[in-house]
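We begin with a single chain expressed as structure tokens, specifically the form predicted on its own.
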């Protein structure tokens, strides 16, 4: 009997790398895109005899997956369908507003893509320029309008919080544009300065400080929920029934297969990944083992990212026992400060708790 997994296809190409980005990506061209598509097809083929897996989500991430174009994406989805069946699947493609046209959207829709994640980041052109983005706010509006014309009914917008020069006033402009575009889903992430990126070399005073970041996050959460986008994870908001099914697999500790350089997988209780090495992937190198996965501690770490939190029912169903009393004892003083909630149904972080989730998790899971 088959069981359902999520499938992630990493597309490591960008026209230009943004100064804040730590994801694995390179410049490409049509020849390289063709080679890479063939390598993904070969990797899919190695799972053709698996038999016991069926995919109910497929996510094209990057990089800029829309650089592959509708024909290559269609070829890959046909292979995914043959290998995994695509059981009533949510099929998501990440899109840069500067790299797509109406014809592209029509092609992706015809190929089977039914959900788009559009990299809006901000609705303020000066902030887009400071991020090094190729698009403008008008490009985002055009992309959303053309996606709707092509028949897409499930759109997600990516927003970035805490970017250089951002204030509550400018974030209000962005949220006004989001309201106008009326997406089904929004991901709103606080900018994290990654070591080794150009942004890590910029003076700290160019970025909003910690208190300002907290205020921006709270402002965004409130504004998005006022639009009917309910928060369901630290950084994610959706209309009822339209949370990202693929990303929920990660946070629920479910199984997924990732293909491409830097892509990670969790199957049969083990984790493995492909190194950040495009040439190695093109040559057919196998992924690297990354140890066991799926234990209780990992489940706690993932589930407490969700608004629903760690539920008594979920822990019993998965592990056959109740939430350990040691966790509940440690949660009570945190609940008294307003950072957590603890009751008979389980444990969950509050919105204030989400902002210090790493510290809370460290206290809950300390040896």
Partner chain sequence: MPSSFGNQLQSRALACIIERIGPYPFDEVIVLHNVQQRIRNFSIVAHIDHGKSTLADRILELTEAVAKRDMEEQLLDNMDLERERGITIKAHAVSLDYKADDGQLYTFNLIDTPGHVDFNYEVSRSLAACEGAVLVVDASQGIEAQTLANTYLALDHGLEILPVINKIDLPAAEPERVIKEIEDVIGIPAEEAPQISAKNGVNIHAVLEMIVRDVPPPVGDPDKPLQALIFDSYYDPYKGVIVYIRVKEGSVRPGDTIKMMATGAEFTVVETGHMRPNLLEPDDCLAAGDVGYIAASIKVISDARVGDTVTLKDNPAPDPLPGYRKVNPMVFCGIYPADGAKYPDLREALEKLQLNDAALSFEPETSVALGFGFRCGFLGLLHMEIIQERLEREYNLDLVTTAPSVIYKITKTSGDVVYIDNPTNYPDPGTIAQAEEPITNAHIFSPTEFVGNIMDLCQERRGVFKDMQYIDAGRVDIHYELPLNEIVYDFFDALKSRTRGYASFDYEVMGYQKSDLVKLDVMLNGEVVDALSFIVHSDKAYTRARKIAEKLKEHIPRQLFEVPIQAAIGGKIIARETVKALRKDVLAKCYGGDITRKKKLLEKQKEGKKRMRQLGSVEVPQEAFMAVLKLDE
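Residue numbers count along the first chain shown, from 1. Please read all numbers here as calculations on a predicted model, not as lab measurements.
Only in words, not in the display: the form predicted together with its partner chain, which the text now covers.
- Although the partner is absent here, residue 41 sits far enough away that none of its heavy atoms falls within 4.5 Å of its partner chain in the predicted bound form.
- At a distance threshold of 4.5 angstroms between non-hydrogen atoms, residue 211 is in contact with its partner chain in the predicted bound form.
- Of the heavy atoms in residue 323, none are within 4.5 Å of its partner chain in the predicted bound form.
- Interface residue remark: residue 298 is counted as part of the site for its partner chain in the predicted bound form, having a heavy atom within 4.5 Å.
- Heavy atoms within 4.5 Å of its partner chain in the predicted bound form belong, among the stretches 223-231, 99-107, 187-195, 164-172, to residues of 187-195.
- Highlighted residues 293, 305 and 352: every one comes within 4.5 Å of its partner chain in the predicted bound form, counting any heavy atom.
- Distance criterion of 4.5 Å from any heavy atom to its partner chain in the predicted bound form singles out 235 from the list 235, 83, 244, 154.
- In the predicted bound form, the residues of 329-366 lying within 4.5 Å of its partner chain by at least one heavy atom are, in order, 334, 337, 339, 352, 354, 355, 356, 357, 358, 359, 360, 361, 362, 363, 365, 366.
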